[in-house]
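Next comes just one chain, in structure tokens: the form predicted on its own.
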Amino acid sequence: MRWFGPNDPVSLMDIRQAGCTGIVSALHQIPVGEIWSVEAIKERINIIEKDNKHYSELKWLVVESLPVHEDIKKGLPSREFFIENYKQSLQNLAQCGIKIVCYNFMPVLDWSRTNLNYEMPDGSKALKFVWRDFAIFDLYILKRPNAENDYESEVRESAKIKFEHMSSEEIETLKNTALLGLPGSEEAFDLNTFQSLLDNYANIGDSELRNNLYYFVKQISPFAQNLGINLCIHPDDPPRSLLGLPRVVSTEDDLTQLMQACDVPANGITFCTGSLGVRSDNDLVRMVKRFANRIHFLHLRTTKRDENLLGDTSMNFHEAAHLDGDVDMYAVVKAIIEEQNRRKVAGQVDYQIPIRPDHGLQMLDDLQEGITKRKTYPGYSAIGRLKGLAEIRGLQMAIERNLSE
């Protein structure tokens, strides 16, 4: 499971009792672009492993994420400095025994949602993204220049009508949700300065961002390969352009181009079924099989597209329970297990691909109105992820038994 560090309300003991042995973590306290020192890495390892003598062992297995500085994404001359810092951080991680590093290349924003508390039929709560609501933020709260060109006429009209009937509290909630910062951070973007961040990408379109990404992986991947580190890029979430910013890790073709840009095993993928599964044109099972040897890390979750909302229906979705939604989790997990079996037969020592149950519904005591009133990072409540993990482990055992007979 993902653990955000000592301030995470979900404790290491919670994660241990959920049945996990591996921890996915990052040094969120270090500013993006600065070097992760050996001392800082070892400090986190010691915190994770401090109770291993008395309880079942936990180990820091995956870094998520080692962030890519915006100057690299923008292709500025200063990117060389930040690439060298990135290399040093990788070297320090390798020295400490951590060999899987997740990152993303989404400009300005990380993942985006418009509702952090969407109520499900059973009373649990989920994350949701509605294209019309994002248009409200873009057109009437941020007021981005020429934003109207990015939305269908019916979406613009519906957004206008809804905005005119929203309360000040509803507008503030939508604003804060859209401006939410990186997972693990308590900070959100400031509306007054956010437009200036977008302006930095005024001359960076799809091809420019792709070229900057390919430049980065060509510099980093061979270096990581020599260190024995596997890099794994996380797909865009949601997988489409937002706020006029290009996104270039959304489809099977995007991943194909990226793998070909630097054809070494270390240039790999964090295969997130939730992010990629939002698009109905992504065949997840086919993609697992196609990119099998480049998948170094897995996020298993699912989303449900809402066909009853205006606009691009593939961009209206909510997080669903792990075995529901639009992802055929059985077929995906079966393809993953088959790949792990192939690696094992081929003699790979590290044949198992680290998997985490990504995002969970808020339920039981993790609800805001629950007994404990424990505030967790959106998508990272303890009990919802525990439920997802239990379902996936049961599915995994059943598939493995069936394949062995």
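Start at 1 and count along the sequence shown; that's the residue number. Keep in mind that this is a model prediction, so the values were computed, not measured.
We do not show the form predicted together with a small molecule, though everything after this point is about it.
Colleague: Is there a non-hydrogen atom of residue 79 within 4.5 angstroms of a non-hydrogen atom of the small molecule in the model of the complex?
Modeller: Taking the distances in the model of the complex, the answer for residue 79 is no, it never comes within 4.5 Å of the small molecule.
Colleague: Is there any non-hydrogen atom of residue 294 lying within 4.5 Å of the small molecule in the model of the complex?
Modeller: Result no; residue 294 lies far from the small molecule in the model of the complex.
Colleague: Applying a 4.5 Å heavy atom distance criterion, does residue 128 contact the small molecule in the model of the complex?
Modeller: Close contact is absent here: in the model of the complex, residue 128 is far from the small molecule, nothing within 4.5 Å, heavy atoms only.
Colleague: Does the small molecule come within 4.5 Å of any heavy atom of residue 242 in the model of the complex?
Modeller: Result no; residue 242 lies far from the small molecule in the model of the complex.
Colleague: I need to confirm a contact call. Of 119, 324, 283, 110, which residue comes within 4.5 Å of the small molecule in the model of the complex, counting heavy atoms only?
Modeller: Contact check passes for 110.
Colleague: What is the one choice in 90, 106, 259, 298 with a heavy atom within 4.5 Å of the small molecule in the model of the complex?
Modeller: It is 106 that has a heavy atom within 4.5 Å of the partner.
Colleague: Spot the stretch among 33-41, 53-61, 332-340, 356-364 with residues whose non-hydrogen atoms come within 4.5 Å of the small molecule in the model of the complex.
Modeller: Comparing against the small molecule in the model of the complex, the contact stretch is 356-364.
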